[in-house]
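Consider the single chain below, provided in structure tokens and representing the form predicted on its own.
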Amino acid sequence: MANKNDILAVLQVLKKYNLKGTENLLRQEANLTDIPENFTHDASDSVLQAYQSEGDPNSYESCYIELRKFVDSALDIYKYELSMILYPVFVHMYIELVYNNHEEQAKALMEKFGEEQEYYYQDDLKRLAMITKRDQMSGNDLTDTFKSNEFIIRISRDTLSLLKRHLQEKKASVVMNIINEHLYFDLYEGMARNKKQCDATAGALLGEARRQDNKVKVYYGLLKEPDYQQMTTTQAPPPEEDDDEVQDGDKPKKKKQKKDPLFSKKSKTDPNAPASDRIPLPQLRDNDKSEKIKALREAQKRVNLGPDSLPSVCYYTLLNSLYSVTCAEISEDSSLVAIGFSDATIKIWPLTPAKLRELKSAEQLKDIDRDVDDVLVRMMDDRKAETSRIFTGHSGPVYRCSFTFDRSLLLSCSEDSTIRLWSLQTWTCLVVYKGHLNPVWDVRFSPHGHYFVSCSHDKTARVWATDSHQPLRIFTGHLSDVDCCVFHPNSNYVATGSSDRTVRLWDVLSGNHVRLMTGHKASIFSLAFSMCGRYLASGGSDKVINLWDLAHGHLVATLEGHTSTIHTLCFSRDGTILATGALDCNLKLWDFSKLCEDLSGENVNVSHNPDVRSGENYLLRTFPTKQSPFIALHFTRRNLLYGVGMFESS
């Protein structure tokens, strides 16, 4: 039987979990009744069976040298695409030698050629070099990843035919076997890519994205906003429909100002927006409506930003907290800040003069008239108001917090593998969500509430609803930790960034990934969607910010300038400026509206790699702090920029 090894591996798993009935059925069906009851079979060993080789271990080095010589002597037009083959061939040669117990030859290969591989692969190679014996490969993440996934290289048809001709002439069976078994060539017609184009999308754990990974249509537009002012009677101005008509008199004009760019875009139906009922969104409560109207009124006073009017910045410095603060989060209306600590606590402070009040007791709530306008204010007890509150409950460092739009709830995630939902009215923990198997690095509420997304060291991201203790969707596909996640402004998609150096966009409805974006050279720690929903910014420990166009899933710009890990990204409320904060104690402001103007004029050939813009032309200003790295950035509704960081004493 061709896949007898696979069936033996399944039998071993069934035996391990004592599933006797299923084991017996499988034995009978697969005609394996002659195998003894106490057999042992290493399942991961069967996965690595492809590395079984009878080849001469001493020929590997000469084969690699021959391949490298061929790449170096190729014409410049083909050289850069061909050079991308060297790394995966080298890795699989090493794994093959180790698997076949040729330890000395494997070590010699690594010592000789390891350091000449690209700088962004060096960390992977250091981990690989620690595996020198066959039994160490069993269950190892890195070797399993390379074995069970093909390394993807985007290559022109001419370059590939050149490579095939060389391999046939030289009869390089070792290299040929590796290429046939473990590499996938994403072919395109036309000229081969140059060095800059190859570098732009290289760097991920397993090469580049296939073009079919980015073929699905993405509805990146914003949902049409309901007419809040007609839905409520609270000082409602005249009906919204008159907004588009030019009228005489001061009143309509005044109200027209209220419709700032953010909301006027939403009032029209966006052709790229998903259907409003594509995913079920929660019904708006009266409190939500009044919050939205409050936001509209605030937006009326918004400062329009640009190269000539940069935002004012207010920076909150946390003293005596260098090794204890793990995260900071500011609420959507900029009235509260939550700080997570390594001692598993969360502390909440108000950023306004108002104190943090608590809900009255059940007996006192009975006496309140429910029909009065200020019922929500009367429900809160002024006598128990405090200037700060502490949440305790996690049993490990808190890695991220997230507020709901109306500031009534707070989410937190921790090293203890749980997510907790806290009430900011009773100041208690309401739910503990258990599902992740390892530390949870990030958690984010959906812009429309009710849903939230989390991501973890277990290589998954999960979408939850606040009223369900089980995740609604589990996104699997990343090959390493998922370090950060964020909901799209229309709540239909989730973006994730990972230590496998890829950014993925997932459809909440289907649970599938609809965009796979490669180009980062190190782990990704921060993500932010543009206000229009079309662009995604990502930053991480490779010290660059990449901007992706979600319409086609390609890289449009790389913003360089930071000298340390980028931990926070934020777009201004009018979508004109991108603010980035890093551990190098610098805040940088980039002209995003100018970048969008430059992009709108060009035709993109997606099958080929479009040219990537550099950030020098778009940097507006750098603000250094004395010794405080940035851990959070937040634009208020009026476009004032808040920053949070810890003071690092020298």
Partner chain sequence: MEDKIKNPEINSQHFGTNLSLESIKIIAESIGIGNLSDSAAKELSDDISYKLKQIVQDAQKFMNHAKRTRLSIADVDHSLKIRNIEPQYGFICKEFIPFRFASGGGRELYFQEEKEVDLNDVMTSTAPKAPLEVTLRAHWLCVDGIQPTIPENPPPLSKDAQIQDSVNPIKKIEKADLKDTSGKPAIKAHKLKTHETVHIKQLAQHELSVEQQFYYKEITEACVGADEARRAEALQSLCCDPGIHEMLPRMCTFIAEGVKINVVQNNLAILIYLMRMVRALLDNPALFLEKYLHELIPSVSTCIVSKQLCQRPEVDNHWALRDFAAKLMAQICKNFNTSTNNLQTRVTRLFSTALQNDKVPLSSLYGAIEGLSELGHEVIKVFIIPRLKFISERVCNMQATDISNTERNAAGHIRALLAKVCAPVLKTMRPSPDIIEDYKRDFGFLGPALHQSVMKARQTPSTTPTASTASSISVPSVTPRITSTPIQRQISQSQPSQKFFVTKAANSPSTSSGNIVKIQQNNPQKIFIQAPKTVFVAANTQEHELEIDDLSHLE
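Positions refer to the first chain, counted from 1. Bear in mind the structure is a predicted one, so any value in this text is a computation, not a measurement.
Omitted here: the form predicted together with the partner chain. The next part is about that form.
Trainee: Mark residue 30 yes when one of its heavy atoms lies within 4.5 Å of a heavy atom of the partner chain in the predicted complex, and no otherwise.
Mentor: Looking in the predicted complex, residue contacts with the partner chain do not include residue 30, since no heavy atom lies within 4.5 Å.
Trainee: Can you tell me if residue 188 lies within 4.5 angstroms of the partner chain in the predicted complex, counting non-hydrogen atoms only?
Mentor: No - in the predicted complex, heavy atoms of residue 188 and the partner chain never come within 4.5 Å of each other.
Trainee: Residue 110 versus the partner chain, in the predicted complex: is there a non-hydrogen atom within 4.5 Å?
Mentor: Because a heavy atom of residue 110 falls inside 4.5 Å of the partner chain in the predicted complex, the answer is yes.
Trainee: With a 4.5 Å heavy atom cut-off, would you call residue 625 a contact of the partner chain in the predicted complex?
Mentor: Taking the distances in the predicted complex, the answer for residue 625 is yes, it comes within 4.5 Å of the partner chain.
Trainee: At 4.5 Å between heavy atoms, only one of the stretches 110-118, 74-82, 292-300, 194-202 reaches the partner chain in the predicted complex; which one is it?
Mentor: In the other structure, the partner sits against 110-118.
Trainee: Considering 480, 105, 530, 156, which brings a non-hydrogen atom within 4.5 Å of the partner chain in the predicted complex?
Mentor: Result of the distance check: 480.
Trainee: From the list 441, 422, 506, 571, which entry has a heavy atom within 4.5 Å of the partner chain in the predicted complex?
Mentor: Exactly one listed residue reaches within 4.5 Å, namely 441.
Trainee: Within 298-318, which residues come within 4.5 Å of the partner chain in the predicted complex, counting heavy atoms only?
Mentor: The stretch touches the partner through 310, 311, 312, 313, 314, 315, 316, 317, 318.
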